[in-house]
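Let's start with one chain on its own, the form predicted on its own, as structure tokens.
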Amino acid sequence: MKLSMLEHFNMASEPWVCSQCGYCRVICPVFDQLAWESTAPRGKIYYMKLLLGGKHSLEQRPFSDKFAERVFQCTLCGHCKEVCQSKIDLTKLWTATRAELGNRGLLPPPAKEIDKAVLKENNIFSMPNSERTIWSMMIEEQVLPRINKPAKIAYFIGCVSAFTGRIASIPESTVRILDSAGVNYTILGSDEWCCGHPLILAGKTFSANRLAEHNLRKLKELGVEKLVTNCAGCYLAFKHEYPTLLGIDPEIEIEHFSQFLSSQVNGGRLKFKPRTTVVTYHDPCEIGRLGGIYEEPRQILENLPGVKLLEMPYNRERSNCCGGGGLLKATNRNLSFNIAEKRLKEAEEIGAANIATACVACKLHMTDVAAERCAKMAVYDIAELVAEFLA
């Protein structure tokens, strides 16, 4: 039998492209914490060669539980891809490997639970999808008229923002900004399903097809031409994963909210009141290295009156991961917290009182770690910060 997922994603020969140089080992956030060669990208690729059995052989060999554990000890941050001297698309390789583990029944329990939850309720939390607008409880009069209203722009909330009460302020702030800018937009409400990105992370790539097709069909029915989302994972799914992994063309423009917001700020459609604060910006992996969005969030922050923007030593394509991606927080909580703690210390060391990001998962994760590890750092999503400056 063949390693079908590696073949399907055209990654079956990539392990032999690896030169074993070790550049990936130096920058891997997991290896930085655990220091075992088997946790580094280079070590995992070396083991994959042993499993494949030969350069031109794709005969199926047993994948051990330990190897599966190592594959999921990864945030899929893309930093290894950024420095790879052999130009391997390592993010795609790890995605294909997780899909192969799914085929072989070697997924960790959290990955299996995500698959069950989405299959049952079309969201990652197993909550009734009819409650997907629970985040808007305090601003229902602004949100309810927008649900399933035909419009050229759609605001896609995402599972995390919709169902996690602690960050309901992110979609609330986004609605305030959109209304202040006079944007005509629609929200799918309970017709919004998970984007499918969590399933891809969980090794259930093709389970995401049903979700993608549903969401795109609903958007088309409403006449949507542009989708905007705060969630870096949703952005990555619609913009990159649908066409490259699922073979589905969204046929609409996809923008992360930071891109859309930057155009609103530059167009003078928002008015701000001054407020003195010092902030640093954390580049989310999924819109930074994996999405190429670096300048728009910084342009927004620089246009807020009274904001002093400081850069951490590792920024843009060299940014260190927050540790909350790739399902690592679900599969190895302590490891993900240790990675985030290191990032928060970087912000503290440059004298920033606040850290802003443009990813709901980064915001949630770093907030949790700051509270548990007693870090003196306020964490904002960029929408929350901008909303506080609205005149």
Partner chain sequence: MSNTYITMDELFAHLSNIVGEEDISEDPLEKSLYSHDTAPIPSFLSKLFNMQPAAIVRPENVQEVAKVVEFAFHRRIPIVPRGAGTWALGGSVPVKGGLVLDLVKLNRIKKLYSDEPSVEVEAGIVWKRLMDQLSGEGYTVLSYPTSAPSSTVGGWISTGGYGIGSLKFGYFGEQIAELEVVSPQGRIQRLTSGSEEPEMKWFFGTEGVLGVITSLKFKIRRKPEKTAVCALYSSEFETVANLLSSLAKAEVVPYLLKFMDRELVELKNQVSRVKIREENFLLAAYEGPASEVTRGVNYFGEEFRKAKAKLAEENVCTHEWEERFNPMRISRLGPTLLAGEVVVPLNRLSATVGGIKLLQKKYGIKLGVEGYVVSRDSALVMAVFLTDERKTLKYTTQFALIKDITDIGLRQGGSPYGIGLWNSFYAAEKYGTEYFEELKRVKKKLDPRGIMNPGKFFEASTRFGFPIPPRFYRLSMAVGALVNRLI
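These numbers come from a predicted model, not from an experiment. Residue numbers count along the first chain shown, from 1.
What follows is about the form predicted together with its partner chain, which we do not show.
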Under a 4.5 Å heavy atom criterion, is residue 27 part of the interface with its partner chain in the model of the complex?
yes
Residue-level contact is defined here as any heavy atom of the residue lying within 4.5 Å of its partner chain in the model of the complex; does residue 86 satisfy this criterion?
yes
Contact of residue 353 with its partner chain in the model of the complex (heavy atom, 4.5 Å):
no
Please tell me whether any heavy atom belonging to residue 348 falls inside 4.5 Å of a heavy atom of its partner chain, as the geometry stands in the model of the complex.
no
193, 233 and 244 - do all three of these have some heavy atom no more than 4.5 Å from its partner chain in the model of the complex?
no
Of 259 to 267, 279 to 287, 87 to 95, 114 to 122, which is the one stretch near its partner chain in the model of the complex, taking non-hydrogen atoms within 4.5 angstroms as near?
87 to 95
Is any part of 14 to 29 within 4.5 angstroms of its partner chain in the model of the complex by a non-hydrogen atom, and which residues would that be?
14, 16, 17, 19, 20, 21, 22, 23, 25, 26, 27
